[in-house]
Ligand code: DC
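Quick heads-up: it's one chain on its own, the form predicted alone, in structure tokens.
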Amino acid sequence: MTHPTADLTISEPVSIETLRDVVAIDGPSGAGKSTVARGLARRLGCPYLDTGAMYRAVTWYLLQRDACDFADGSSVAPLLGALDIALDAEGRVTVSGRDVSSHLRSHEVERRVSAVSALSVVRKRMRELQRAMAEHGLLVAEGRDMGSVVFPAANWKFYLDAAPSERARRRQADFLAQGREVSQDDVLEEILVRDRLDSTRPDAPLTCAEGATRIDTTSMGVDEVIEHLARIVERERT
């Protein structure tokens, strides 16, 4: 299974009211969205859209071009025209043909991604390509505004959350697996800062979408969460 190529030059508008065959999973950093969404997509036999990776890829792309002043979206906009992003079923992300997967969890990208994500010019382009990718059938999409803004007509909306300390523990474990040693206190501080930035940005802030099922994953295993969501989706699709 492969994913459609995400191309930031997409300009054809997509009616959001027609994009219903979507499982929209939202939640804060470290709540388990990516792992759960990837596993759920595998269970349902459909593509998985990792919007967090897309925003980190754009952040990496801008940092490579020394576009570090993210306060002014007008300075970023000209750089987006030549950018294309592709995601595959194994979770690899390429930017203009280069595999950048190993760079997306770097400290600099993690530190800057909220600022990039807050730019309306970036979010507008991202929404266009995310919606275009949902035209191909059932899709599992995870992020922070999937159910509230990108796919408001989605048939299934979930909001995953967990205690900040547990989210920090999970994220620290992810970093260690990547060979990056960071204290849990430092990770917790980064998470709390990102929570604040993501939930207070003026364009598509992090929120639990209307009609979404809220799930606290603090004491739940990944397989347990996937099974819970899969049963709901499979029951309602039959």
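When you see a residue number, it is the position in the sequence shown, counting from 1. In this text, all values refer to a predicted model and were calculated from it rather than measured experimentally.
The same protein has a further form, the form predicted in complex with the ligand, not shown here; the description that follows concerns it.
Interface membership of residue 92, the ligand in the predicted complex, 4.5 Å heavy atom rule: Answer no; every heavy atom of residue 92 is more than 4.5 Å from the ligand in the predicted complex.
Given that the ligand is not shown alongside this chain, does residue 52 nevertheless sit within 4.5 Å of it in the predicted complex, heavy atom to heavy atom? Yes, residue 52 sits close enough to the ligand in the predicted complex that at least one of its heavy atoms falls within 4.5 Å.
Is there any non-hydrogen atom of residue 105 lying within 4.5 Å of the ligand in the predicted complex? Result yes; residue 105 sits at the interface with the ligand in the predicted complex.
Residue-level question: is residue 201 within 4.5 Å of the ligand in the predicted complex, judged on heavy atoms? Contact check for residue 201: yes, within 4.5 Å of the ligand in the predicted complex.
Among 140-148, 94-102, 76-84, 157-165, the region lying within 4.5 Å of the ligand in the predicted complex by heavy atom distance: Stretch 140-148 is the one.
Taking the ligand in the predicted complex, which residues of 175-194 have any heavy atom within 4.5 Å of it? Counting only heavy atoms within 4.5 Å of the ligand in the predicted complex, the single contacting residue of 175-194 is 194.
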